[in-house]
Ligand code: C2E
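Take a look at this one chain, the form predicted on its own, written out in C-alpha cells.
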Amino acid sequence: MRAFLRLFDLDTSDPELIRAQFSSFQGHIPLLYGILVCNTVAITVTSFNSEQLVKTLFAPIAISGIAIIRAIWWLRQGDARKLSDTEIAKHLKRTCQLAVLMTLVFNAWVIWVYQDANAFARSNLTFFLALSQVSSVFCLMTLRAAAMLVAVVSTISFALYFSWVEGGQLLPQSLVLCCVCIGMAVVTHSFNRSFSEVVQSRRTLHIRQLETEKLSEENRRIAFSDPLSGLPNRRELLARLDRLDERKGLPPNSLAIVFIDLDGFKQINDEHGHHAGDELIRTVCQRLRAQCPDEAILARVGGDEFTVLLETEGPAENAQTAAVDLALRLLEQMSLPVLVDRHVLQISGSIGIASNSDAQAHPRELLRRADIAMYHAKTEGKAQLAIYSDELDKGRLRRIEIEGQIGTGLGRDEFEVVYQPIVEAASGAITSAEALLRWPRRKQGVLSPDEFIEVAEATGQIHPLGLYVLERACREIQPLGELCLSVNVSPAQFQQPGFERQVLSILHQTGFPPHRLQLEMTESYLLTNPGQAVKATDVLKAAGISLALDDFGTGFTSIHYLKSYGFTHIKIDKSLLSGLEPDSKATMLVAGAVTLATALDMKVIAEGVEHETQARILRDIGCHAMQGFLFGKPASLAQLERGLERAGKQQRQARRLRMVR
C-alpha cells in the first residue's frame, strides 16, 4: 500500500531530476493548456445555449482564461538555470496541485453541461472529456505524481458519474476508460522511471566527464610541472617560450633568461643521500622563488638546474639589467648554508644571462645562450655570473671541436709525455721527474696543455688521458734505476668509480714499484669530496704510493687537511716565489710553509724555480727539493736520460775531487 501511495508523492530529493522535469514542462504544459482550451471551445460550440450563458459561455471562458494565463506563465520562465532548486520544487508542487484542481473543475463543468445537453452534444462531451484526460496524462508524464493524480481523479469522477447516469448505458465506456487509466498509469510509471534513468545516466556521464577533465588537468600538471618542487618543468618553459615567439615583434631588451646551475649538488647527493638532496632542492626553490618578481617564471629544467624567465614592459625597463640585479641576489641566497637532518650543507651557484638584444635572439635561442653563459661562469671558477656574448658561442664551438679531437687523438697516438726533473735541494741530484702531457702530433696543430686539459676536465675525458699518462710514464721511467715519478691527478679522476683500483692495476701491469710513484692532487677535490677523498687516499697510501698536495699556498688548505690525508709532500706554488729575496716577506712566507711541513713530517718541493738566487734561499730555509726551468724544462724521455747521465758524471767528478782533496 505504501509503495502504491508513493506513486502519488512528488519526490524533490534529486535536484537534477526536478530541474529536468521543470525543463520538460516548459514545453509540455503550454501544449497541455492549449489542448484544454481547444477542447473547451469545442464543447462550448456544440453545447451552447443562449438561455444558459453562465454554464455554456462564462464558465468555459473562465476555464480557458485560467489555462491561457498558466500557459503564458510557463512560456515566460526562460532558462531554468536562473532558478534555485527550492523555487523549482515549489513550482512543481504548485503544478501538481493546479493539475488536480483544473481536472476537477473541467470534469465538473463537463458533467454540469452534460445534464441539459441533447444526445448529440452528450456524445461529444464524453469524447472530449476522455480526450482531455488522456492528453493531460501524457503531457504530465515526466512528472509522475501529477500524471497519476490527474489520471486517478479524472477517471474516478468519470466512472462514478457515467456508470449510473442514463440507467447505466455508459457503464461500458466507464469500464473502458478505467482500463485506459490503468494502462496510462503503467506507461506513466515506466516512462517516468526511464526518464529518471536518462537523467541519472546524464548525471553519471557529466560526473565522468568532470573526472576525465580533472584527470586530464592533473596529467597536464604532472607533465608540465616538477613533482619535487612544484615549479614548471622544462617542457612547460619551452611551451611558454613558444607562445612568446608566436607574439612576434617583442621589443628589444624586453626578455631575459637567467640560467642557474647549483655547484656541488652532485657531491651532496652522493655523500648524504637523495633525501638530503631533495630537501636541499626544496629549500633552494623557496629561496629562489622569494627573490623572483611576481611576473617572473621560475622553472626547474634539470636535476640541479633552474631558469628564470623575465619579461619587462616598455623601453624604460631593461630586461638584462633586471636579470643581473636578480642574479646577484640569487647568488647571495644560494651561498647561504642549508640545514638538513642536522647537517649543514654548503653549495653555490653559477648563473648565465641572455637577453633579446638582437633580432636573432628569439625566445628558445635565449635559453641556449643563457646555458652557454652559465657554463662559462662555471668554468671561470663557479659562484659567478656571466652574460652571453658572441665570443662565448665561439668558445663553445671551439671546446666542442677540441672535445672531438681529444678522442681521435688518443686513438691515433697523437699525445706525448714529457718529463721535468725534480732535484734534491742539498745535492742538486735529480731524484724524481714529473710527467706532463703534450699534444705535438695534433692534426690541426699543436695545442697548449692549458687549453685541452680544461676541456678534458669539463667533459670527463681527463680520466682516459690521466690513465694514459700514468701507464706510459710508469713504463718509461721503470727502467731508470730508483728515479721516482710524479703524476698529476685531476679532481675529476678521483670522482671516477674504482680509480684507485685502476692505478694499482697499471702499477701491476708495468711492474712499477709503488714506493717510486707520487700522485699530486689539488685541494679543490679535498674540499668538495672529503669523505670520498679519505677512502681513496687510504687505499693508495696502503699500497705505498706517496701523495703530494699541489699548488700549496694558493687556496685554503688547513693543517687539519694536511694531517687527515697523510700527505708526504707539499708543492709550493710558483706564485709564492715571486719576490723571493733575502729578508723579504715572500721569503718569510715560504720559510713558514717549510717549518709547518717539517713539523708534520712532510717534505717540501718548490716549483717554478728559475734563478739561482731563488734556489740558494730555498736551500737556506730548508726546502727539500726544487723544480723549475733552472734545473730543466719539460723534455722527452731521451733528453731526461741524457740529463741523468750528465748529472751522474758531475756527481762522480765531484766525489773524485773530494777524494783528491
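Computed from a predicted model, the values in this text were never measured in an experiment. In this text, residue numbers run from 1 along the sequence as written.
Not pictured, yet referred to below: the form predicted together with this ligand.
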item: Selected contact from 313, 211, 325, 450, since only one has a non-hydrogen atom within 4.5 angstroms of this ligand in the predicted bound form; value: 450
item: In the predicted bound form, the residue from 272, 463, 399, 438 that sits within 4.5 Å of this ligand by heavy atoms; value: 438
item: Interface stretch in the predicted bound form with this ligand - options 66 to 74, 47 to 55, 27 to 35, 608 to 616, non-hydrogen atom within 4.5 Å; value: 608 to 616
item: is_contact(residue 550, this ligand) in the predicted bound form, heavy atom dist at most 4.5 Å; value: yes
item: Any non-hydrogen atom of residue 520 within 4.5 angstroms of this ligand in the predicted bound form; value: yes
item: Distance check, residue 469 to this ligand in the predicted bound form, heavy atom within 4.5 Å; value: yes
item: 4.5 Å heavy atom contact, residue 574 and this ligand in the predicted bound form; value: yes
item: Within 494 to 519, the residues that have a heavy atom no more than 4.5 Å from this ligand in the predicted bound form; value: none
